[in-house]
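To begin, one chain is listed below as structure tokens, in the form predicted alone.
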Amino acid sequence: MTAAKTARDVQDLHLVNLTKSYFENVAVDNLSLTIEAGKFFALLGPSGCGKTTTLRMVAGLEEPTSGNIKLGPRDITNLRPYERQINTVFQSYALFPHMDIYENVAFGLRRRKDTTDLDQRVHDMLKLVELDELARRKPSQLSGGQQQRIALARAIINSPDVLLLDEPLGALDLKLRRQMQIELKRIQLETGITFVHVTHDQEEAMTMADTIAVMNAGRIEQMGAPAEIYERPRTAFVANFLGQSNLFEGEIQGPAENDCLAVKVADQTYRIPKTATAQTSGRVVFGVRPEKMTTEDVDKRRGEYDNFIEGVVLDASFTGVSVQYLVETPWGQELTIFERNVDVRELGRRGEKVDVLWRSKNVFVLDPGSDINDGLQYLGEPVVE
């Protein structure tokens, strides 16, 4: 395929001390990161965190207040958008309604007067997005998902070094969005182009990206592989934004058995793994994901779980794949627990006393000084149920 690239053909994208200010408002704050060539990279964060502004600066649609953008060793900060070998796919698709699908895809090549093997290249692109048989239809005759794939084909045929995706699936319904997540990842792997995907949707980022950078207030809170960030968030914002978390604040009392530390929360003691923190004393904030907790009888499972709380069920909701419990602890904190394979008749447990159990190996510990309430306003939907 003539438009396909491999990781050897493209170069790393570098953002160096990138800042964008609007009067006194700092949208992007001294951002530095490297996006590896040929990878699927996601900028994830809530509205107003600076992710779209970052993308627009990379595209050349916004001028940085300070800092540099480099593609390999080449500084592209002051280049016009069409000089950057970077294309953008927007949520709105932006297809030309008077042109058929073939001409939409061919548009960029015709404009650049790059028409060698044009017919073959256009059909190769349409085959890549599995829409070759619709070449002569107009955009209005296609579904939203098909239009999005045509927008991708039109961008990819120009063989960009980097493809920017600005919330491209936001206008699609849930089922179609999930189908397109799989399609986007397939296309990225087949072409070898570096994809930079901006989204506030956790599931999109977790499903497609090789690397996720979670943004907050113009800065990156944490960056890494999806599983790493989900299983070991370092800040309360990341823990609360990416999925849901039950966070606890306590004082380390000293070592406990099985390479754990004993932590006092209210008047109860819990265990956290020594390997999860460099701290050996003082205040600590730790957390457990809701799906790593259970409400089974502690006497029946005591040998399997080394942490438990006696609580009261405040609410129980059937979500399709699990039951979500809201449980109040003796000190008034509300915990969320996801239970699979629960009889829907269990929804009648409101007001009942239950044991909430979890294993110390499933505990993550936040950076020292973390604010347990940071990010609660963005409390995420479950990524893993």
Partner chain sequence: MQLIPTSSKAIFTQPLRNGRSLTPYLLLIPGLAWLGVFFVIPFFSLLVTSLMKPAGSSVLDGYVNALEISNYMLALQTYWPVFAKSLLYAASATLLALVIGYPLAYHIALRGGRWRNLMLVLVIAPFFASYLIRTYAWKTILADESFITSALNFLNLLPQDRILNTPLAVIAGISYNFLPFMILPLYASIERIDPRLLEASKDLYADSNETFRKVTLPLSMPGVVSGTLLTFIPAMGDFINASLLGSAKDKMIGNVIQSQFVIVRDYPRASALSFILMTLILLIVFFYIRRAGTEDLV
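Residue numbers count along the first chain shown, from 1. Remember, it's a predicted structure, so these values are computed and weren't measured experimentally. Between two forms, the rigid core is the largest collection of C-alphas that superpose within 1.5 Å.
Just so it is clear, the following notes concern the form predicted together with the partner chain, a form of the same protein that is not shown.
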query: Stretch in contact in the predicted complex with the partner chain, which is absent here, among 264-272, 91-99, 305-313, 209-217 (heavy atoms within 4.5 Å); finding: 91-99
query: Contacting member of 74, 178, 138, 186, with respect to the partner chain in the predicted complex [4.5 Å, heavy atom]; finding: 138
query: Heavy atom within 4.5 Å of the partner chain in the predicted complex - residue from 81, 170, 144, 192; finding: 81
query: Any non-hydrogen atom of residue 197 within 4.5 angstroms of the partner chain in the predicted complex; finding: no
query: In the predicted complex, residue 250 touching the partner chain (heavy atom, 4.5 Å); finding: no
query: Contact label in the predicted complex: residue 224 to the partner chain, heavy atom within 4.5 Å; finding: no
query: Residue 342 within 4.5 Å of the partner chain in the predicted complex, heavy atoms; finding: no
query: Joint contact, 17, 40 and 51 to the partner chain in the predicted complex, by non-hydrogen atom at 4.5 Å; finding: no
query: Residues of stretch 108-127 in contact with the partner chain in the predicted complex (4.5 Å, non-hydrogen atom); finding: 108, 111, 112, 113
query: Yes/no, residue 196 Cα shift of 2 Å or more between the shown form and the other one with rigid core fixed; finding: no
query: Shift of residue 244 between the shown form and the other one at or above 2 Å (CA, core fit); finding: no
